[in-house]
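The chain below stands alone and is given as structure tokens, in the form predicted alone.
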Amino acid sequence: MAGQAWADEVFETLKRLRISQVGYVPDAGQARLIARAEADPALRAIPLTTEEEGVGLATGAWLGGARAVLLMQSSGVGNCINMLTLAANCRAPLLMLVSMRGEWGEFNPWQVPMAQATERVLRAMSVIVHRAERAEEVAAMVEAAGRLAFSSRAQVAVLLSQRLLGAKVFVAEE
């Protein structure tokens, strides 16, 4: 994986945004961010069995007066389509950080179709989409997306490009 120093900046940004719950499906692209959330006693890091649970988690957090963020891979966006209507209909803020697969140097052909559809699918569901390509832009983009989501009750996704994250490499056992 490429360096994830940007993850430390994003973590501090989430703290400034007063995020108290981090819902995630385990993901190597956001591993450092997930580890930081798990290690912080002020945050509740919640592993999910499937991505759409995160939409309910974030909506429930908001209804209870708290703020959440959902971390997932692009392949999980398809799992969330139906649940995105919950956030939209309830006008519940939803901040999603989506690590992209199926792009830059991808080894797994199964990741490619959803990668090509992720942004279009989110926009079709009226989610505001930002795309981070460079490490130096990620924290500011996440902060702007979070402010937009929580101040206007919008659903906002930041796509973390595979070029930013670094392509996974499959190594067969010898």
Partner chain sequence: MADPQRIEGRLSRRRAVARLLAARARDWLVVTGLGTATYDAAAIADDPLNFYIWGAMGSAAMTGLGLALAQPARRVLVLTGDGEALMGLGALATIAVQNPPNLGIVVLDNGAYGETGGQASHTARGVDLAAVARGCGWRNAARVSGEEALESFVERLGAVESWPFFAAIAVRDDGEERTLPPREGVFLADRFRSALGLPPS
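Nothing here was measured: the structure is a model prediction, and the numbers come from that model. Positions refer to the first chain, counted from 1.
If you look for the form predicted together with its partner chain, you will not find it shown, but the lines that follow are about it.
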query	finding
Residue stretch of 29-37, 133-141, 54-62, 109-117 approaching its partner chain in the model of the complex, non-hydrogen atom distance within 4.5 Å	54-62
Any non-hydrogen atom of Arg153 within 4.5 angstroms of its partner chain in the model of the complex	yes
Heavy atom of Val121 within 4.5 Å of its partner chain in the model of the complex	no
4.5 angstroms heavy atom contact with its partner chain in the model of the complex for Gln21	yes
Its partner chain contact at Ala45 in the model of the complex, heavy atom, 4.5 Å	yes
